[in-house]
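Consider the single chain below, provided in structure tokens and representing the form predicted alone.
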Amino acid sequence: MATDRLDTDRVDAAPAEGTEDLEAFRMRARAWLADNMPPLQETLTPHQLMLQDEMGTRARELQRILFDGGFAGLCFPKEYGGQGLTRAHQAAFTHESAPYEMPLVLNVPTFSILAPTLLDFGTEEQKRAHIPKIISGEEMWVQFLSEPSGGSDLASLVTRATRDGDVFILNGSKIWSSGAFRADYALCLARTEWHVPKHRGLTCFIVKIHQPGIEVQQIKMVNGSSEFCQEFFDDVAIPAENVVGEVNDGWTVATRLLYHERDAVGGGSPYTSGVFGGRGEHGSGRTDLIDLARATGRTGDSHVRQLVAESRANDLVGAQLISRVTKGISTGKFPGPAGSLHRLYAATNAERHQDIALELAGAGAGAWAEGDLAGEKGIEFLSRQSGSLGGGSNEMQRNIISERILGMPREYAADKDKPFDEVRHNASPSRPR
């Protein structure tokens, strides 16, 4: 574990003036966690606990404990209820909190994507109204971006928000919104101007989810999960004061939101609390493959040992990549889109991890007794591709890397600079009955 600790100390290890010494903070956090946070059950992984806490009720309770103890929102500004500490402090706390039950369901997208976007573009009133409640666990947030007719082209969205005095009237549909059924608020991107090119007519709004005119439908996936949702908006009135950023400049807000999403999915966000899903640094496994090898009686197999070692090496490379890219962006040596580097690596590494787990599980991944670890890996494999979609697909990340980091020519776009109402696009589908 000493190597892990050195890794966490490499990011922003020099505290700002007046900031608590990192080692003193680590010792204080260790003692507080032991006295206040429930230990993880040996028979359940953090991922399984998240599935049990479908509505996030337990996560909110745990977050409140962290908040009351002064360990919530470590990297959020003090004026909005955070602790104003560094990435290194958060990394140290994450390391120390690994043996304890943590409010992981709040990590994505509430803490790591939407709260940072609100910090970047929200008005002072918006930030003071919502950030403290997010940090205390009172509010959960989700993003309303993708649409049934949009595919991977987010800027082609057709959900509309029409100005009517002091409000905007929202109509349309969003889809693949993770956890919308349990969330309180959303950042919603909608079209407010149709006579300009597609990127220039969008506006971002704060939307209260559970109100008249909004219907949330859960989507059952092949692995039995109903985490994803589709939302339908029928004449939903949004106060003009809920605009985030500028009217018709929502693409600027969305671009930053996607930056935070890639950072979160890639494992580089400083705003998360605890280890997501119980899977080591930046989302790849450390001990689960060893447990699987033991459960299947294959620890003596040299090929199995090689596969486990490969996964561990991939994790270490990913951790160093996060550290290098994060530092490069913060110092200006790397452009902001460099976040796609560790986002792409995290996705491909997670896919490789799932492939290795399936190979180790063997036939047990296809037919198993209840509680069989090999069977659990078979179920997890059904979601193998999910990590390659958040924040944009792997193909989109490669485009970003080639065009915005390496300076290669952009792909041809037939609708470039054309007013959106002159571009042929898919119609929004009707609501299923």
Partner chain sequence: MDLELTEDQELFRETTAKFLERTSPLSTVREWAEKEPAGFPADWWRQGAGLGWTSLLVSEDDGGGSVSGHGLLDLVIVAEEMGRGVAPGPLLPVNVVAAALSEYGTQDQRDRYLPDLLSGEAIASWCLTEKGAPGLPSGVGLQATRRGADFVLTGRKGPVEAGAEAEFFVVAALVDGEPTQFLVDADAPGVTVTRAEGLDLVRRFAMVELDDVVLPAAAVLGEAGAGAPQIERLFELAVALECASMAGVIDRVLSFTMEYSFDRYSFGRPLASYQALKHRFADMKLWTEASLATALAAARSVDAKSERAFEFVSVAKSYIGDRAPLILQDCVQLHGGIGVTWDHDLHLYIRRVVQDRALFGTPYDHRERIAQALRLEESHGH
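C-alpha atoms forming the largest set that superposes within 1.5 Å between two forms make up the rigid core. Numbering follows the first chain given and starts at 1. Small disclaimer: the values here were computed from a predicted structure and weren't measured.
Keep in mind that the form predicted together with its partner chain is missing from the display, and what follows is about it.
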Exactly one of T123, T255, T162, Q306 comes within 4.5 Å of its partner chain in the predicted bound form through a heavy atom, and that residue is Q306
Could you check which residue among E138, E246, E241, D301 gets a heavy atom within 4.5 Å of its partner chain in the predicted bound form? D301
So in the predicted bound form, does any heavy atom of H195 sit within 4.5 Å of its partner chain? no
Can you work out whether I290 and its partner chain are in contact in the predicted bound form, taking contact to mean some heavy atom pair no more than 4.5 Å apart? yes
Quick one: is I379 in contact with its partner chain in the predicted bound form, heavy atoms, 4.5 Å cut-off? yes
Please tell me whether any heavy atom belonging to F232 falls inside 4.5 Å of a heavy atom of its partner chain, as the geometry stands in the predicted bound form. no
Please determine whether each residue of D68, G81 and R200 possesses a non-hydrogen atom within 4.5 angstroms of its partner chain in the predicted bound form. no
Since the chain is shown here on its own, which stretch among 320-328, 206-214, 112-120, 180-188 would lie within 4.5 Å of its partner chain in the predicted bound form, judged by heavy atoms? 320-328
Within 157-188, the residues having any heavy atom within 4.5 Å of its partner chain in the predicted bound form are W176
Comparing between this form and the one not shown on the rigid core: C-alpha of G407 shifted by 2 Å or more? no
